[in-house]
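Below, in structure tokens: the form predicted on its own, a single chain.
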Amino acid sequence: MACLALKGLLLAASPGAGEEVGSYAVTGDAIMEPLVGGKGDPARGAALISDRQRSLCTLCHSGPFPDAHLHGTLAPDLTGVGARLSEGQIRLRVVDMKRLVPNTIMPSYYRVEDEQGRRVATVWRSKPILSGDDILDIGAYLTTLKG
């Protein structure tokens, strides 16, 4: 299992999760087009959100997810995020929240630029934490959270 340290947090994922990053265009505060083709799977996205070994979302965020006692309070509650943000806005926040809030503690799950000077394990260099398919699925799930 490959690991990467981020501000004292340990992110773990299988080496197969690290793929080469495709190109994407940012328009305003959103990435309008999906990173990969197809439709996202909301059920798989829900599972990824709750996976404390892959996405780590619930380490910082709370929301309508299992094991509420394990949810974090460092980041916004994701309840109703699908009513507040568009799919493209959600996508940019998962891909690279640092683009919107440069000193956020949220990792850039898909952007791999600017690695110089950071301690990144060799297996992870030039590879994202989550795949384009993972981000598609997470976005599909988060857009269902309307209330």
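A quick note: this is a predicted structure, and the numbers were derived from the prediction, not measured. Residue numbers here begin at 1 and follow the sequence given.
Below: the form predicted together with a small molecule, not depicted.
- The three marked residues, 75, 138 and 142, each reach the small molecule in the predicted bound form, with a heavy atom inside 4.5 Å.
- Contact between residue 62 and the small molecule in the predicted bound form is not found at the 4.5 Å heavy atom cutoff.
- Contact annotation for residue 107: at least one heavy atom lies within 4.5 Å of the small molecule in the predicted bound form.
- Using a 4.5 angstroms threshold between heavy atoms, residue 85 counts as touching the small molecule in the predicted bound form.
- The closest non-hydrogen atom of residue 32 lies beyond 4.5 Å of the small molecule in the predicted bound form.
- Out of the listed residues 97, 26, 36, 47, 97 is the one that sits within 4.5 Å of the small molecule in the predicted bound form by at least one heavy atom.
- Interface residue among 70, 43, 121, 101, judged by heavy atoms within 4.5 Å of the small molecule in the predicted bound form: 101.
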